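Shown below, as structure tokens, is a lone chain in the form predicted on its own; questions about how it binds or moves come after it.
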Amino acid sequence: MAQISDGATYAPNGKPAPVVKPGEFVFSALGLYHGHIYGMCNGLIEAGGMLKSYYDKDPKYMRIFAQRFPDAKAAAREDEILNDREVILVAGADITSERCALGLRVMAAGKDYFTDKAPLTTLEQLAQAREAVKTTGRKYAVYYSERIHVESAVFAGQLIEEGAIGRVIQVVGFGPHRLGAAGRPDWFFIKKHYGGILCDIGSHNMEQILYYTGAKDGRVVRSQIANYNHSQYPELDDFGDAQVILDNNASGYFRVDWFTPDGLQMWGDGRLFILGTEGFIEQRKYMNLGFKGSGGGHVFLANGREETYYHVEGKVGFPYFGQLILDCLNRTENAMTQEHAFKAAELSLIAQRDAVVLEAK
């Protein structure tokens, strides 16, 4: 397995599982700044979507996108896509602070919006997005890829639905990432643009805590951020963690950081521990430490009946994308409810806003 340098270049490929006929679901891409756009488009194409066109104001990102998706058409400007009546959904991975404004334009044009995480960077933007969803009736879907585009995460959800560990009472997640600073754009290190570490990669973990516990809401008990070892980037949070109590009295904790060492085979040893009343599940999402080439998709289960290891890479698939396509066509909410997507963002923003700053000594 080749070493993946950083999470921004991680774009999983799954098996085609179309839920629509060719040409029945047409989408475009706007805002190509983050590499997650490739995973977003991969997932929609594998579910039967047709990528018609793409645009970014930066020609560099246009060229890169054209290499990845040569069958799509380069648009001359944004409104060419927004005014295209054939386009049902617009996928976007703009600069994080610009994602909400793009979404507002997309929804005002009568199209559903599918944005990379973090979906926005302020509570004011969140209020605007909620109001726009209400007034336009369009979707503001979010690519929380560390659950919806990771087979171990999908499989863990299926085990929980089957009752394998009883009622979930705690979720603990670890989301380390490799910084790869030389390959990051300038905006990545400016807090008003990326939102802070708990807003950014922390939103993955907050979404998973809500999902696996089945909670609708929660409160942040404590959160912390720090810049321990990157003084050359004074606005970067290189560490963050948060603890939440959910509305069903389950609890969650996560830690995120930019300290993945260069010797690790993957951009981050992402793990998630789910404690239930009748057992527990551990996910080793992208690798198994100490086993080069082991790939991802490692799930460990222990309950009253068994102690089992599952290697699910290439076996589970990514049902979210087909569900999202059908949700857009049928105006349903099977892939992810709008409130769930927004609540994960809201709690992440609160955690970032209220975080205690730990000073590097």
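All residue numbers refer to positions in the sequence shown, first residue = 1. All of these numbers come straight from a predicted model, not from anything done at the bench.
Beyond what is shown, the protein has a form predicted together with another copy of the chain; the following relates to that form.
Checking 203 to 211, 89 to 97, 183 to 191, 216 to 224 against another copy of the chain in the predicted bound form, the stretch whose residues place heavy atoms within 4.5 Å of it is 216 to 224. With a 4.5 Å cutoff on heavy atoms, Gly314 does not count as touching another copy of the chain in the predicted bound form; it lies far away. In the predicted bound form, no heavy atom of Gln323 sits within 4.5 Å of another copy of the chain. Though the partner is left out of this view, Arg63 does not reach within 4.5 Å of another copy of the chain in the predicted bound form, counting heavy atoms only. Using a 4.5 angstroms threshold between heavy atoms, Phe300 counts as touching another copy of the chain in the predicted bound form. For the candidate set Arg130, Lys73, Arg271, Arg105, a heavy atom within 4.5 Å of another copy of the chain in the predicted bound form is found for exactly one residue, namely Arg271. With the partner removed from view, the residue among Leu123, Val154, Ala101, Val172 that has a non-hydrogen atom within 4.5 Å of another copy of the chain in the predicted bound form turns out to be Val172. Taking another copy of the chain as positioned in the predicted bound form, the residues of 236 to 255 that bring a heavy atom within 4.5 Å of it are, in sequence order, Phe239, Asp241, Gln243, Ile245, Asp247, Asn248, Asn249, Ala250, Ser251, Tyr253, Arg255.
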